[in-house]
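This document starts with one chain, in the form predicted alone, laid out as structure tokens.
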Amino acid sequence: MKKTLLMFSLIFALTATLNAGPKPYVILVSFDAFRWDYLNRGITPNLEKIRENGVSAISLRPSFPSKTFPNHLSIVTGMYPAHHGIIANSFQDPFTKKIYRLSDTNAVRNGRWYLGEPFWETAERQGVISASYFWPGSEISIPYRRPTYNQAYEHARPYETRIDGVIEWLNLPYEKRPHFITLYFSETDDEGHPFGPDSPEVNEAIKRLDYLTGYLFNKLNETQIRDSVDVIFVSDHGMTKIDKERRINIENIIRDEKCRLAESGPFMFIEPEKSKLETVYNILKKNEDHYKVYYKKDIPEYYHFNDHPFITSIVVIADLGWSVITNRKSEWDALGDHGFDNHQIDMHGIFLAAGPHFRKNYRTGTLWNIDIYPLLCKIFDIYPRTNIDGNLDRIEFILKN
């Protein structure tokens, strides 16, 4: 017994010694809806420097649905949306009738919705101070589930102010300084929806984010820890062109059948009365054109989207570029959208990384966003959760050692 206790004591002491070394610094930057090929338009010189001096992937594959909140959570939890709980930007708990909606601050901060453990929670529990200058899930009301430092989301907060805030954190005394920081910008999403991905407005948004990339690195160069900082740029999804001529009114198709309809555009949640489930499904199946209709249990396995209790009994998924709608008036006549099949290349985002842990001038194929969480654990040499969907083997090769 004494030998066993001594052995565990030695292991603990050795682990503590190994973990006592200098901790790395990682800034995880999200460019919302920055499609994979925006880098190829010849207007991103600062991001091109990262491709030349760091790691770049052809694309970053999102999880389904390719929406903002689900994929930001997939990036930081290593889990598919059906597993981390944020299955859409808005959805209903059918048991309590409560609704999660990204525009509802109280819902967004309510921990009951979040089943996955974000990386900052994993890191904080293992002695790594973290911070968030905006990221879905970072404002959760439970103190131990959010970063040590976090900012309440303010859409209009100037982008330079956000970067300056990150630099202020990095200039804190060592014992208070965060080592993992998230940073979020919505510019390409803001312009992609109303104007479409091929618009001059989106090109200006791309240029703006590239300028901010240069601004971030210039500010980092003014710190004393520049050579110790890894910077990872990702996007949650891409964007594709849509128009009024490619809309399918689901409410008109099912006519008088009473259903709860939620979400619209790339996909729709449909919950009929129990006695009408088969009737509604058959009507939708008979009229299936430019969309696919599935019973929840039959959603193809490659979507990883059929094992959460809040997913409705029927799900309709539109073909790329088409929209499934209801009679409710849309907020705007969008020319761009996302949320479609995550295997479609238009839905893919970017992955770029540079810093002491990453290879230089290394280009690879498509990476999966659920693999970023185990990658971060590897960089910080901390233990990941065991219930994640991400796989370190699919991404570890981009690291130097």
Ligand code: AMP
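In case it trips you up, residue 1 is the first one in the sequence shown, and so on. Computed from a predicted structure; not experimentally measured.
In what follows, reference is made to the form predicted in complex with this ligand, a form of this protein that is not presented.
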Checklist entry - Which single stretch, out of 132-140, 216-224, 300-308, 274-282, brings residue heavy atoms within 4.5 Å of this ligand in the model of the complex? => result 132-140
Checklist entry - Quick one: is F180 in contact with this ligand in the model of the complex, heavy atoms, 4.5 Å cut-off? => result no
Checklist entry - Contact between Y159 and this ligand in the model of the complex at 4.5 Å, heavy atoms? => result no
Checklist entry - Would K258 sit within 4.5 Å of this ligand in the model of the complex, counting heavy atoms only? => result no
Item to check | 4.5 Å heavy atom contact, F233 and this ligand in the model of the complex | outcome: no
Item to check | Sole residue of I167, L102, L115, I99 within 4.5 Å of this ligand in the model of the complex, by heavy atom | outcome: L102
Checklist outcome for this item: Answer key: of Q92, S313, S228, N89, within 4.5 Å of this ligand in the model of the complex (heavy atoms) is N89
Item to check | Residues within stretch 52-82 having a non-hydrogen atom within 4.5 Å of this ligand in the model of the complex | outcome: K67, T68, F69
